[in-house]
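A lone chain, given as structure tokens: the form predicted on its own.
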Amino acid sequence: MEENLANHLRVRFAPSPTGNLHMGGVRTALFNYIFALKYKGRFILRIDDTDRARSKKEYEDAIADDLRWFEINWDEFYRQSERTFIYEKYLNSLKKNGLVYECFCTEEEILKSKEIAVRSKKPYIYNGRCANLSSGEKEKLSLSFKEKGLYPSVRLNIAQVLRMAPSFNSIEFNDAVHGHLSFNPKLIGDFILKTEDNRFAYNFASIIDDYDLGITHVIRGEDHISNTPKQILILKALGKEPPAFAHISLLYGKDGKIMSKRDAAANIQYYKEKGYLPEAILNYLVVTGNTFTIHEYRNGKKEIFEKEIFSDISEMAELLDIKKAKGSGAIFNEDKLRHINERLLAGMPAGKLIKILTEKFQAGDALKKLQETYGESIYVEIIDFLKNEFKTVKEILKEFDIFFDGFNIELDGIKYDAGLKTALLNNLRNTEDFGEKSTKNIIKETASENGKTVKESYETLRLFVTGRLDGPSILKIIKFLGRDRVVKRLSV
């Protein structure tokens, strides 16, 4: 699948704008994108909006925005709704060669046939009855459809395709993930290329676009394996060669169900709001259901290990081997994502995090306020401190409040020792040195002088400074706040 691909490889991500982008969609887009990067090919974003009733511009815009958020950048952009003339051209070619026919079966009739197949415990295969209608029957049915504002659907005549080329008796292809796959076209049945509402069906529009746009490799979820023989049949009927295929594993939730755009916990917006870094999500998705085997020399010996976190998307591309992608489902684990997010935050330079907070999480105003309040050096120190204390961006942004003047502390229902608080206030007010070592000694001494434990002294100080009884190092927080702010909060 990967020989001699440099500079001519073309892949595509083709979402339907019928909902927001979900984790499985991002994973498919990512695999296509890094595959294109690896071989210096082109990554195409194609909006599959043939379903006019369900497709919405707002979803298309949201999908594009999410891809930009992840910095998955496309080289070319297309909409299927703007390419119907292309589909008509190829459909007319099939008509000219007698490889399709009009079908007047109603939806109710099809459903009834499917119910019979289910009761008989047999797979449903369209019986092809409309392929043998007389011209008189067609004229009568066509008039009836017209009166209802419907069009006859158009089906591929598989029997005719097989007569044209007996070698099609077995549809075979080598999947980069699943290996050699073979299908009997007679078990597929004459499938629809154009529907009764005059809309091009997914299998037809998708593979025509793949051919017409020069797609060399189709990388998509394994749920599309059953569509692949149909799409190969369409191209073979047109005398065209299909692209290479790689069907990667799907993402499943903890409940064992496939993650889809209908699941709130699969929605990218959900993870944005929870404060996960885009690169943490990409790192998690690229190793979930896929193995990156890397050789490294340790102590003079070549060893193999599984990489978990990549420095950037270009490293993912460099180490990608699509053949190592697993063919079985991958379970999405948010705890694992959170772990990766925490590691990335801790290892990230403060300047880079500030850039991400500004550009990806719209935190520019809060950052500017923090910078103006404390000055550049302390501002950077605060960011560096917080990124090592929390696991998500949301937790970091929430912590910003304690560093601003006017921070309100709610003490309703919380018990505290007023005498200890006053003692802490007096001792901290009178110290000249407000460094960590000095304040640590004052806290210990205050506890001892008032017959309290050091823990009680810390908890009381934290309560009046941050409004909480737990959290990151209070010594560092009061160092950043400075004596005047700490004294003011203890004076409440």
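Start at 1 and count along the sequence shown; that's the residue number. In this text, all values refer to a predicted model and were calculated from it rather than measured experimentally.
Although not depicted, the form predicted in complex with a small molecule is the subject of the following passage.
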When the small molecule is placed as it is in the predicted bound form, which of 82-90, 216-224, 359-367, 385-393 ends up with heavy atoms within 4.5 Å of it?
216-224
Out of Val11, Ile478, Ala14, Met23, which one falls within 4.5 Å of the small molecule in the predicted bound form, going by heavy atoms?
Ala14
As a check of understanding, the residue in Phe310, Tyr78, Tyr202, Tyr151 with any heavy atom within 4.5 Å of the small molecule in the predicted bound form should be identified as Tyr202
Even though the small molecule is not shown here, does Asn283 get within 4.5 Å of it in the predicted bound form, heavy atoms only?
no
Exercise: Asp48 in contact with the small molecule in the predicted bound form, heavy atom 4.5 Å
yes
With a cut-off of 4.5 Å between heavy atoms, is Ser206 one of the residues that contacts the small molecule in the predicted bound form?
yes
